[in-house]
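What follows is one chain in structure tokens, specifically the form predicted on its own.
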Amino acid sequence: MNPVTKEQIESLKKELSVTVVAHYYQKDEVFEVADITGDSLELAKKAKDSDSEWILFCGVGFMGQSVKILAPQKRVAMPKIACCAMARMIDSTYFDASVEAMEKAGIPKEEILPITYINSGAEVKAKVGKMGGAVCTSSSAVKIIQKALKQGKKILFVPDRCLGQNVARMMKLKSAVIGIDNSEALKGADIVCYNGFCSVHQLFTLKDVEFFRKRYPDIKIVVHPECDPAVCEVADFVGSTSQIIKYVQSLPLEQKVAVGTEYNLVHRLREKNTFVLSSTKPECPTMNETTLEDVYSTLQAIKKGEVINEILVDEDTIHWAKVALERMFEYLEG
């Protein structure tokens, strides 16, 4: 079988009412055939506003769900329904168990306000929406939590403990982690974090920072807030994917920079003086599942009316998950 070409995909895109979107972490071959590229929420918002009947989403499952939640009238398919490992760490049952753990620590349910990172499934977002909570992104987490705290409640932050702890540190608030800290610590914390994490961003360590600082004394260390708090504390810049791109590209080309985030993004940032902050290749295994052949096969299936990997979410889940997402937009606009 001959390999699929970009020209074949471009031809099918023109023939069909399909917009192809790809996350920054996708392989180059997939990234280069996308009509829209960006971070998770950015992609969902742009895809919602497209004129196409179909959205072909190259990313991980919760991202395709986000498009369906924001635009239920759209038909959303994914070349591979890859699952974000962090999002998979929490489901509806684990969310309920986290609320119960806080109640056992002496925090009444009515005093708990959940905030979920966008890296979570639709069911978790819906649970958060029903409890009066909101979604956040890595770039908006501080502002969302600032607004949420005005309600005088304890924040339950799911699923990424590192992002929750880093936000607490930036805001000079107390944090605790369910399953690690005791009941007294949970009750005394402003932000109670679920014990989830990103396997890719856990690869970056203080030893990596020390190595690059020793080798290049003037180097800038740039990391994502999904990294361990100890790494974020010694970095020169901590930011979301979009913020990292903007910051690194604003630096003089002669300025050396080591970046702690997913490999596919880092290698596309600048022509030179840009390093991956790791001795191993920090490649997201699930983001890298999607291939050009998968994109082509899914487009062919849409053409034949034999759709594969369509994202479907029930109406009640869409309603409450959308409530949580819209609260985020309200907090950001307010």
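One rule holds for the numbers: they count along the sequence shown, beginning at 1. If you're wondering where the values come from, they're calculated on a predicted model, not measured in any experiment.
Separately, the form predicted in complex with a small molecule exists; it is not shown, and the next lines address it.
- Contact check for Y194: no non-hydrogen atom falls within 4.5 Å of the small molecule in the predicted bound form.
- The closest non-hydrogen atom of R161 lies beyond 4.5 Å of the small molecule in the predicted bound form.
- At the 4.5 Å threshold, heavy atoms of K127 stay clear of the small molecule in the predicted bound form, well away from it.
- Among heavy atoms of L277, none comes within 4.5 Å of the small molecule in the predicted bound form.
- Each of H23, M63 and H201 places at least one heavy atom within 4.5 Å of the small molecule in the predicted bound form.
- Only one listed stretch (209-217, 173-181, 91-99, 240-248) carries heavy atoms within 4.5 Å of the small molecule in the predicted bound form, and that stretch is 240-248.
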